[in-house]
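Just the one chain here, laid out as structure tokens, in the form predicted on its own.
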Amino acid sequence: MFENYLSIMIFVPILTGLALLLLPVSREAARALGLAVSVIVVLLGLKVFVAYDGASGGFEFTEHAVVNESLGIAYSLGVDGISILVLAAAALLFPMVYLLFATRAKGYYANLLIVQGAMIGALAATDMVLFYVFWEVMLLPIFFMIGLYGGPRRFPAAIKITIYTIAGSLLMLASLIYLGIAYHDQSGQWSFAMENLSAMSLAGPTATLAFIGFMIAFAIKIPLFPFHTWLPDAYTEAPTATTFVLSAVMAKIGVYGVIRFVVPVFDESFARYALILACSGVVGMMYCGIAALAQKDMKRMLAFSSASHMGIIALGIFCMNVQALTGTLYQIVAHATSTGVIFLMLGIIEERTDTRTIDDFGGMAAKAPVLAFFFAVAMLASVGLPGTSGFIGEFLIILGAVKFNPLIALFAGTTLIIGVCYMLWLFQRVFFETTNPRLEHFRDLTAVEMLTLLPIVILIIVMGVFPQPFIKKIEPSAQQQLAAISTTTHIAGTAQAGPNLKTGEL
């Protein structure tokens, strides 16, 4: 039966956020209202996730209304195995921000609601114009959250991320216009529906330029090397809750955009440049991993860590086989939960100590054993320990990388060791060794903080021990998405024959 769950999840946060900006509401009331709305979104998101069958790999919970018939623009929504886990994560994680952090103004909570609704809209859109609208709406709240409420160097960081994102958006818009014109030339009609655009045959230099335009836009958002340079400043200067949103959800929408739009529409160009893109992902993993080792600020270290992990998530797309793509979709949620929780706990630590410098810590495990345990679980999931969610996704991606190109897989697997080094080093320095005198009165997690973080910690373990209920919702859609790439396309430099991408068979 048709239910407009997706529209409610999109517009209730957006409209509530706009109302908070316009009405004379206190900070406390804004926080309570934001929490209530985010809980509603969580309940609807869980309903969609549980009810989604996924066996056919097609879209469910679809909504459709014509916006402009002459241009073929429609308000079209739906979820499939490609979007279901990312959408569930976008719904599930936001209430934690309202529960854990207070702020100085109602405007922060208003922008947080708007960005949540826009993110869900981008994940649910099946019309490319609608996706682009929500993609653009996401930017403005992030600009204000960093520029108004960030650290001492918040203005340069806000301007930098805005310039990068706008540049990518303009390239995407130009490519989107090209797709609409190309579809009209081939069919005599206007349409921006994904099912229509993916059926086109695109070739030639103009199609390649459009492919590059989309890839740059998504590479900036992921971020993929060498488009990552905005990330360390933005993550470091943003308020912790904003860093959490950027790392846990927004970066994943860049990966989602490549899977949803680039792979089926530009199948030939994607296959042609897959090896170069895979190398970019591995180089980003290595560079950002090594950069993380050199950091003295915990937040900046975790920023580079997040960029490094996004490299392996992106690598799973470029390997173009079912194992790697399934691993990418799984790792999106695994990384969102593990790294997201680490950023939130870092925010709690910073609020109580007024510092993020690693040398200022030590012996915190004795003062806050529950915090140390939660941090350890999230940290071990981040480095891919078996029995945690991070292991499943990384294992599938590396397995797919071996099938795609063994040398790429070797470098990716080796680079993961760097992540283990800096995360264990961070944990040792902060929670063990000699207790720093400034932590003498540091207190453990409160009951509210513990109950807020506990469900995510449990989810990390459940996804690591029982992955199949999640994978079965992903795999059929992953097979359909990869079937868009012709098996006859030769990928230069591939070390061995790839899988049968039309059927998903190995």
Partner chain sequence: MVHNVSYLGFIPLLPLAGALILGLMYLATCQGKQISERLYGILGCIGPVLSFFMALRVFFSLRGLPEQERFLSHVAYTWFSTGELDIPMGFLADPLSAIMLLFVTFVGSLIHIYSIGYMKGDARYGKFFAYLNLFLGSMLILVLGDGPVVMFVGWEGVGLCSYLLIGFWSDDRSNVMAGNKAFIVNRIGDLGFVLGMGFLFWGIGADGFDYLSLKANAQNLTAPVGLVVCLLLFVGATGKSAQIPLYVWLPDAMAGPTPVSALIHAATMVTAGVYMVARFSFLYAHVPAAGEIVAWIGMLTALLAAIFGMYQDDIKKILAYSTVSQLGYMFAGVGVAAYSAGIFHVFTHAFFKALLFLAAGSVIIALHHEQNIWKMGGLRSKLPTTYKTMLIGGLALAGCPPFAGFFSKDEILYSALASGHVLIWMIGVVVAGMTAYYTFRMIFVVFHGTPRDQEAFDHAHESPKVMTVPLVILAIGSVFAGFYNLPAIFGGHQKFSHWLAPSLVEHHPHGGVGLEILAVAASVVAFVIGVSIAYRKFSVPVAEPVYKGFNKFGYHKFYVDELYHTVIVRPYQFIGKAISRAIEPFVIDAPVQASGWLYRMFGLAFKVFQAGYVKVYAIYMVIGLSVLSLLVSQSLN
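Source: prediction; values computed, not measured. Numbering follows the first chain given and starts at 1.
Beyond the structure shown, there is the form predicted in complex with the partner chain, which is absent from this document and is the topic of what follows.
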Interface membership of residue 189, the partner chain in the predicted bound form, 4.5 Å heavy atom rule: no
Contact test in the predicted bound form: residue 384 vs the partner chain, heavy atoms, 4.5 Å: yes
The partner chain contact in the predicted bound form: residue 280, any heavy atom under 4.5 Å: no
Any non-hydrogen atom of residue 467 within 4.5 angstroms of the partner chain in the predicted bound form: yes
228, 252, 260, 335 - the one with a heavy atom within 4.5 Å of the partner chain in the predicted bound form: 228
Among the candidates 424, 212, 358, 102, the residue which, in the predicted bound form, approaches the partner chain to within 4.5 Å (heavy atoms): 424
Answer range among 234-242, 212-220, 84-92, 132-140 for contact with the partner chain, defined in the predicted bound form as heavy atoms within 4.5 Å: 132-140
Any residue of 143-180 that, in the predicted bound form, places a heavy atom within 4.5 Å of the partner chain: 143, 144, 148, 155, 160, 163, 164, 166, 170, 173, 177
